[in-house]
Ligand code: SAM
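Encoded as structure tokens, the following chain is the form predicted on its own, with no partner shown.
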């Protein structure tokens, strides 16, 4: 967890001021309703009420300073005051993640959001054993992560597809694949050529899948260091490497 002074300010606004993602249009002096989930989080969990500051944001309109007009257990309203940050494009970064166990997948979605992923595609593989996740739960996780890490946009999360269907429809440039058990170059040697990473399930890719991947001209297998990583660790480690070597960490 990053360390910061709770009284530290960003553009004159306390860092401790809650951030709320909304799809509503954001304009000066506009009054907005709070959803039941937002009202519960602000009023019950954070103990905020009328007159308290709040920050509202989305990728389309940027981030705005607002004020709570009213707050009850399951409803409330805000008024917008001024824009703190204009919208800004985020560099594309895609994670293709095999479906893994619920808690591990929830963690990957949260951390991928913090690491700046713009799209998450869930993949069904031969060794996938976990059931498809609840999309509403994943959406809530990535929304909470975006609110915490101060990004403006939310990753797009796409419904599961079989691996062969993902590969057959791929048209987005170089795809790196975490394949530690095969002779592959390190990710550092390939990071500048791709903005997409594929990570397999707990048991790894089946041999037939590895052969299929190797036959695709747009696929580059890569190693994530000398150790065999758990699927969720490989996803976070690979994304961090891409951001550090050729992404927005390098800016």
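The structure presented is a predicted model; accordingly, all values stated were derived computationally and were not measured. Residue numbers count along the first chain shown, from 1.
Unshown form predicted in complex with the named molecule; subsequent notes refer to it.
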{"property": "Listed range touching the named molecule, judged in the predicted bound form by heavy atoms within 4.5 Å, from 63 to 71, 216 to 224, 49 to 57, 22 to 30", "result": "216 to 224"}
{"property": "Contact flag, residue 13 vs the named molecule in the predicted bound form, heavy atom cut 4.5 Å", "result": "no"}
{"property": "is_contact(residue 180, the named molecule) in the predicted bound form, heavy atom dist at most 4.5 Å", "result": "yes"}
{"property": "Contact test in the predicted bound form: residue 212 vs the named molecule, heavy atoms, 4.5 Å", "result": "no"}
{"property": "The named molecule contact in the predicted bound form: residue 240, any heavy atom under 4.5 Å", "result": "no"}
